[in-house]
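The chain below stands alone and is given as structure tokens, in the form predicted alone.
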Amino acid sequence: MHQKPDGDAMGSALGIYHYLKALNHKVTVISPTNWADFLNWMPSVEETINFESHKEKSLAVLANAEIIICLDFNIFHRTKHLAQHLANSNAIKVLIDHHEQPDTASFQFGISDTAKSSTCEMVYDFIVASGGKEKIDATIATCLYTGVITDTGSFRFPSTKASVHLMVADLKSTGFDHSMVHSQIYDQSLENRLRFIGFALLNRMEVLYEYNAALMYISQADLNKYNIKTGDTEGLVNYLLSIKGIRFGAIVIDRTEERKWSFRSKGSFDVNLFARMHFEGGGHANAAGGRSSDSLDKTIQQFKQIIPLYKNQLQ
């Protein structure tokens, strides 16, 4: 899965892990980095290897792998320091992903289908197409549902086609507890996270009404003050789109080694193209990410210089 995995990355990896285990395959899940605490409840997440923390163990697994299934990313650099090891591996590489512009030359099999809501939906399709539908139990359903609700914004994004609801209806027939999944994902915040969100909305948000856009920026000092950990900023950018009339929301967070951008949009404004053009990123038409090696102040200034170029598109 990609670095700093979200619900879809972890859900798709663990979902296919449990399916392949049911078929008596020897399976290992590797994450390039750590993951958010709100994913620690997921079935067999404790079996997942963090590459950064257990490099030798991870490399030993890769060295013996016959097949590497790459989930929720379609170009190796999304796996950070694991990228070169994936490129050097002689194992068969299978792509299951839904992001744009895949590096297809790096994979022997698979697809990156941008029409799909999530990689978890694609794992479901893979299981059904391979004749394994009867193997989908409550455990697999729990994993796949986690990715679907997080990547569709609890079914509110345009990517939520009829196929998504049909899949969920099928997953529900396994008897898994969807209320529990929602509670584990959305109702486990610590007090400091809520106070951080309030601080950010009050002090770190700029609404650029002339461009129907909103910007939020988080400094390293802000993260330290509120003891913000991996995953605690998840969903913060969506608050910007909840403002009436705002079509484009952007948040930049000052990480130690780089500045990380998240972009969200409504309607036809393509943030995937915006991220690729200006911030070394990409993703989906309405949800994308990017990065900058510049200082926080400088990358904010760059954003403000760029946004007038899109004034007509954002009207």
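The model shown is predicted, which means the values in this text are computed figures rather than measured ones. Numbering starts at 1 and follows the sequence shown.
Note that the form predicted in complex with a small molecule isn't included here; everything after this is about it.
Peer 1: Pick from 246, 287, 69, 253: which residue has any heavy atom within 4.5 angstroms of the small molecule in the model of the complex?
Peer 2: Looking at 246, 287, 69, 253 one by one, just 287 meets the 4.5 Å heavy-atom criterion.
Peer 1: Work out which of 270, 52, 37, 280 lies within 4.5 Å of the small molecule in the model of the complex, going by heavy atoms.
Peer 2: Of 270, 52, 37, 280, the residue with a heavy atom within 4.5 Å of the small molecule in the model of the complex is 280.
Peer 1: Give a yes or no for residue 262: in the model of the complex, does one of its heavy atoms lie within 4.5 Å of a heavy atom belonging to the small molecule?
Peer 2: So residue 262 counts as contacting the small molecule.
Peer 1: Determine whether any heavy atom of residue 78 comes within 4.5 Å of a heavy atom of the small molecule in the model of the complex, and answer yes or no.
Peer 2: Contact with the small molecule, yes.
Peer 1: Taking the small molecule as it sits in the model of the complex, is residue 99 in contact with it (heavy atom to heavy atom, 4.5 Å or less)?
Peer 2: Within the cut-off, so yes.
Peer 1: Counting any heavy atom within 4.5 Å as contact, can you tell me which stretch out of 27-35, 43-51, 61-69, 254-262 lines the small molecule in the model of the complex?
Peer 2: Contact-bearing stretch, as computed: 254-262.
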